[in-house]
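Next up: just one chain, as structure tokens, the form predicted alone.
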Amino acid sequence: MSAHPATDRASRGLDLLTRFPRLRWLVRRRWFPLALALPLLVLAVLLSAGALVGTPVGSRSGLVVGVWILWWFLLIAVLLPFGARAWCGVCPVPVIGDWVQRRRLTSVADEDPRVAKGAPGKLVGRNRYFGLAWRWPRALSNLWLQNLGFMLLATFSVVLLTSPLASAVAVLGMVLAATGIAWTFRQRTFCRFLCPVGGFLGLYSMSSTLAVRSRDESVCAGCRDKSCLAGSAGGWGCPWLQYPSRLDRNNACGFCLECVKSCPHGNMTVFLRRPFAERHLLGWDEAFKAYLMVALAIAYSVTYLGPWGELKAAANIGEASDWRAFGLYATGLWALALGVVPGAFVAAAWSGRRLARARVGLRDAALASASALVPFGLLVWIAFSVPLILANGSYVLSAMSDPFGWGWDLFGGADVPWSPLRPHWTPWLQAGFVLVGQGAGLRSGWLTLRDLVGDRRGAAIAFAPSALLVTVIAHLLLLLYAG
């Protein structure tokens, strides 16, 4: 739990479930959000099957275009900024694993622990689960494995973008892994600690305008049932291994909305708040996630959007088969993400701390400075994603009309020729997102250091080297995007 809950309490904003009774009715239904996750699971399986037996051309594959162009853009540019981890609530990857654990789709296995002895399965709180229901090791209860998984996906990103087979293996592999982990470990362990996408979703959801929180802390303090944690007849105990009534950050809230259903007092709700409301990072694992996401945004921008074709060819081991060039590319990518960028920001935090003569530890100073990379990184990734959808958006209709490349025309767009959408907008939009991200990042970093150092002037001096580094990166990206 954050050490700065007052920051979040002051920015809770508008209670959406009170303001909109129909929305409250919807989120309290047992079939929501499963009613969205199940069709997405069917779609993922069908598109993956099509990728295995259909066209080998990435731009004609429904899976490649649907995931790496349409889904990615909607996730990074719409769902994360405005819906926090809402994608996690409807994600198809853990659906089968949830059924393996619960042996039911919508109903709740709620039992009194005092009278439920001898029944099959295992009680976790008041809910009965099947499988081994082991606890995840405390030493691995962080983002390090997710950081590693995301780096592996990032290393082979060009292959995933061009090979339907590779994309199908990645998607189906995640479903199988999530199901196996669900049988072995309790609740959403895979989503919380292993999903390679989950790490950056948690990090950037801090900037989102939505948050699940309790309405009245005094109600939670007086509640003896703790149903949001232990479960009730209305809902499962938090699948994300959180204590929902004490939430003050979005990072590990998967927006499953079980706490809204399970709370007997109706005290859990969804708030609409100002953007960039959360700032504080809690450990090196979160800071390194922020570092590597910015590093990968730089590397991807150079590789995909830059004029250096040989660099993209080196990254595409699936077609070029030049392992020496790919090895150099991968080594450079890992060095940038895990060495150069983190080293530069830690050195900047150390320098700022010395300049300001602040009596704070290097770890605290580095985490505070890294908070600037949360809004900055999110907006830079949106800027990077703009040309993906504007340049390749016309592929979406054609690929979805003929997802297997078998000559179908499901939606009447199979023969739509490739045509970039408003290409002259691209540099302006990219520049705007980078500048907004820079401004939001600088503000976040300075405010976080002000909380840490205790005075405005000292915080400004302590943050100056990190602010300069953010500004240099923003300027280099502007040169690349807008010339």
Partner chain sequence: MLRFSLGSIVTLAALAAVSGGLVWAVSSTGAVRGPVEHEIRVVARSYAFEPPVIRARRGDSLRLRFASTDVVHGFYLEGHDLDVTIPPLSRRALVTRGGRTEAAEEVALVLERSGKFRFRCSKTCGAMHPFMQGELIVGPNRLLLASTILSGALLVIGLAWAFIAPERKGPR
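Nothing here was measured: the structure is a model prediction, and the numbers come from that model. Positions refer to the first chain, counted from 1.
Absent from the display: the form predicted together with the partner chain. The rest refers to it.
Exactly one listed residue, out of 246, 273, 265, 312, brings a non-hydrogen atom to within 4.5 Å of the partner chain in the model of the complex: 312.
Here is the short version: of 414, 442, 37, 70, the single residue with a heavy atom within 4.5 Å of the partner chain in the model of the complex is 442. In the model of the complex, the partner chain sits within 4.5 Å of a heavy atom belonging to residue 427. The partner chain in the model of the complex is not approached by residue 169, whose heavy atoms all lie more than 4.5 angstroms from it. With a 4.5 Å cutoff on heavy atoms, residue 435 counts as touching the partner chain in the model of the complex. When contacts are judged by a 4.5 Å heavy atom cut-off, residue 120 does not count as touching the partner chain in the model of the complex.
Annotated contacts: 103, 366 and 370 are all free of the partner chain in the model of the complex [non-hydrogen atom within 4.5 angstroms]. Residues of 91 to 105 placing a heavy atom within 4.5 Å of the partner chain in the model of the complex: none.
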